[in-house]
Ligand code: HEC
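One chain is shown next in structure tokens, namely the form predicted on its own.
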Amino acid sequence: MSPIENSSRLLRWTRAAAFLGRNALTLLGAIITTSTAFTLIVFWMSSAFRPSQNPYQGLLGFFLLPGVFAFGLALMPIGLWFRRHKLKKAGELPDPYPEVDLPAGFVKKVLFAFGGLTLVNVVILGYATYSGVHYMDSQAFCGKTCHTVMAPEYNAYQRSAHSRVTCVQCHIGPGASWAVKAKISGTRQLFAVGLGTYSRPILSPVRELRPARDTCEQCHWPEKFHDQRIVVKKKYADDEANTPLTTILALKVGGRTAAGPTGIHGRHLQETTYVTKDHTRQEIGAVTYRDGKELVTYEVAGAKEPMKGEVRTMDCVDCHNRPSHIFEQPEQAVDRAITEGRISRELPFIRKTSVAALKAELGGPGTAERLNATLTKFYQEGYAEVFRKSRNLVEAAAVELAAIHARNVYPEMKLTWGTYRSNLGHEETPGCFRCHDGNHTSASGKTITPECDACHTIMAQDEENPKILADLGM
């Protein structure tokens, strides 16, 4: 196309835009787009120098304002189209469009300005899209935006060993395909939150979770060998003296060696599948395990028929099912608080009384006051002298009980003690004994062992002053 033809076409477009642009819709779109563009630029500059942790400010700056900006852009051509359609329908559409009575140089300047503004709009939309996606990957968005729904999980995550690992590193991982799946799933969840149709409590995302080899194993090398590790567990008796009881284990972590797999990790790194009938995976049917070159299937002894359900390949999250969102049981939480000195062992029966108070309290407004009243009443009636001399310790214990309750019980989400089970170990839940129950047997008579020493060596169990601690210099 010749320069003369290009110039003629530009002139026709200019005349059409000038004539059809005289409508309220296009003018409104221009006003919205211009004002929103300035607001966005100010917001982004402010965020660069003073980042905000307020999730709702993020929603405003990264979603609502860019949406309004795009809406304004869309209004402008829509206004042109409506005016053209209206004039054409009435038979009043001019052909050709009226001349623009402006100097040629000025028209060129207008066209250059229009092109420049179009480029600016493209840059603003591109940056808004990038910023929005980046914000959706932040902890503030994941944990705080849907506050009621995600508060339990977010609070637990902040106390976990993974608190510096971003949510998306575990829940999405690298690559575009899983990011797209996550955003589609997130859109569905957004509607559920808006309509109030989300589950209470929310279900653990075990089915939708990306395989551990793509997430956990990016940091944790599963085939690395680990020698035995000494684990010291402290708890307290329900007697008046809150007697400390210590259990010491040599945990056979294991892994890969030149001679083959050993220990807990090594054995479970072998090709293993199992059948489970629901998303909690608490009831395990047939287990198929590669023993050397042979695949061996262990069925539940005495079952009338094989369990029907999902066939799953075992990976990290089958045992470490709540690595970043751990909720405590009352006994576990109180034992830890006593060990760390946040609840004084000097108070008679404090362990027993605290556990009972936590289990009886349902939560809601006034929880802290009721827990304080429970402890106060117990010591005033049964240990008046202790209460008189150590009232500050009783009050400190009540404060700690309120904190324990607040981080584990959420009535609005129907989340209470034991709602989310951890499969790591077997003291509070079946855990390991889902398979290692002595009831999964192969056709040849082999049984998945329930023996304690398969996974750990017990060096002391619930002893008040185990000698092994002194021997180990601990």
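Being a predicted model, the structure only gives us computed values, none of them experimental. The first residue of the shown sequence is 1; numbering continues from there.
Not pictured, yet referred to below: the form predicted in complex with the named molecule.
- With the partner removed from view, the residue among 200, 220, 86, 183 that has a non-hydrogen atom within 4.5 Å of the named molecule in the model of the complex turns out to be 220.
- Think of it this way: in the model of the complex, the named molecule has a heavy atom of just one of 399, 146, 356, 216 within 4.5 Å, and the residue is 216.
- Proximity of residue 194 to the named molecule in the model of the complex: non-hydrogen atoms within 4.5 Å are absent; the residue sits far from the partner.
- By the criterion of a heavy atom within 4.5 Å, residue 169 is counted among the residues contacting the named molecule in the model of the complex.
- With a 4.5 Å cutoff on heavy atoms, residue 423 counts as touching the named molecule in the model of the complex.
- Using a 4.5 Å cutoff between non-hydrogen atoms, residue 321 counts as a contact of the named molecule in the model of the complex.
- Relative to the named molecule in the model of the complex, residues 337, 405 and 469 are all farther than 4.5 Å at every heavy atom.
- The partner is not drawn, yet in the model of the complex one stretch among 345 to 353, 260 to 268, 379 to 387, 359 to 367 has residues with heavy atoms inside 4.5 Å of the named molecule: 260 to 268.
- The partner is not shown here, but in the model of the complex the stretch 411 to 444 reaches within 4.5 angstroms of the named molecule through a heavy atom at 420, 423, 424, 425, 426, 427, 431, 432, 433, 434, 435, 436.
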